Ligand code: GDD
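In C-alpha cells, the next block holds one chain alone, the form predicted alone.
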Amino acid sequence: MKGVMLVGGFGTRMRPLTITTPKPMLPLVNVPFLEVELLHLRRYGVDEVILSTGYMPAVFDAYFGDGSRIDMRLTHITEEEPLGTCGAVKNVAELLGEEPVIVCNGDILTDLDIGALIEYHREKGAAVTITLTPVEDPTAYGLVPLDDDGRIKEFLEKPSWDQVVTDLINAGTYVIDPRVFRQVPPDTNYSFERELFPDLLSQGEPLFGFPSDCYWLDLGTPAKYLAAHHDILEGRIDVSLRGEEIARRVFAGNDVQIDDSARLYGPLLIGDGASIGAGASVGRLTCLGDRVKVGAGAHVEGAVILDGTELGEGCVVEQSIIGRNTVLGPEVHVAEGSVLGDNIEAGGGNEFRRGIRVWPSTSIEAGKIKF
C-alpha cells in the first residue's frame, strides 16, 4: 500500500530546535522521529511512501535517500511554496495510483492499528476515513460527530462547551480514495480540514470516522516533545530503544563510559559513545544522545540532551531540552522546561529556568544569565 507523509512544515512552535533541523527529523529516543513513523507504517505493509517536504528538504534526502536502508521505497517531492495539508497531497497525486492511500501528518506519535483502519475503510466503502481520538477538552479542537454507522455528520471547529456533542477530534491520519483529488485545484494552498473534507461532506460523499483510543500525541511543542520521550521510556507506547539493558530499564549504546561512582536511575537511555563522570547522577526519564558528556558531579533528570553536548562539572539539567553540540560550563542550571538550541556555549554559573529558549550558536559569558 502507498502512503503520503506530510513533512513540509516549519515547526515554528518547536524553535529553537527546528531552526537547524526539520521537526520530523528531530531525534526521538535517539532516532529521527520520522523514522519511527515510517517503521510503524512498514509494520502494516505500507512499504512505498511519498515524503512531501518543504522546509530543509536536503536533510530528509541525506538521511533516508531512497529508503532502502529501512526496507521501504521513498520518493521525495518538495513544495516550492507551502500548499497546505491537502494541496501537498494534490501535488503528488500523479504518483498515487487508483487504490486507497494512507496520509499521515509528520508530527503525530501514535501506535494506531493501521491494518484495522484500512480494513474499516474498505468495509465501509468510504471515500475518506478520518482517524479520530478522544480529548479531555474538546473546545480546543475541531470536533467530528458520527452517526450510528460511523459516518461523519459534520465538522465543528473549536466549539463552545454548549456546542460539544462529542469528544472525538481529527487525529491526523487518513485513508483516502485518490479520485477525490480531482476536484482540488493544482498549485494552490488547500486544506483537508477546512476545505476538502467539508466540501466532500456537502456533496454527499461517504466520509467515515475511525474512533481509536490508541496512544496519540502531537509533537508540536517542546513540552510535548519532552512528554513523548517520557512516555516511551515509561512504556506507554512501544518504541524500540537502541542499546543494551545494562541495569533495570537503563539502556546504553556502544562504547559508553560510566564512572563506577556515577548513579543511574531507570528508565533512561544513553546513546553511543556517551560518558558519565565521577559522582554524576542521571535520573529517570532522561535521554542522552550519542557522544554526550556528563561532567563529574552533574545531575540530569527528565531531560533530553542531543548528540555531542557537554555538561560541565556540577551542572544540573531537569525537565528541559538541550540541542546538539552545546557546551555548558561548570555549575550551569537548566530547568523548568527550558530549551537550548544547537552549538551554544554557556560559561559557568548561568541559570536557565521558566521555559527560557536560547537560539543556536549563542555565546554566553559566565554568570551572565540568572533567569
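Start at 1 and count along the sequence shown; that's the residue number. These figures come from a predicted structure and were not determined experimentally.
The form predicted together with this ligand exists for this protein as well; it is not shown, and the discussion that follows is about that form.
Of the stretches 286-294, 212-220, 178-186, 145-153, only 212-220 has residues with a heavy atom within 4.5 Å of this ligand in the model of the complex. Residue in contact with this ligand in the model of the complex (any heavy atom within 4.5 Å), chosen from 170, 281, 275, 110: 170.
Between the options 338, 309, 52, 30, the residue in contact with this ligand in the model of the complex by a heavy atom within 4.5 angstroms is 52. Using a 4.5 angstroms heavy atom cutoff to this ligand in the model of the complex, none of 225, 265 and 342 count as contacting.
Contact annotation: residue 193 falls within 4.5 Å of this ligand in the model of the complex, judged by heavy atom distances.
This ligand is not shown here, and in the model of the complex it never comes within 4.5 Å of any heavy atom of residue 300. In the model of the complex, this ligand lies farther than 4.5 Å from every heavy atom of residue 271.
In the model of the complex, this ligand sits within 4.5 Å of a heavy atom belonging to residue 84.
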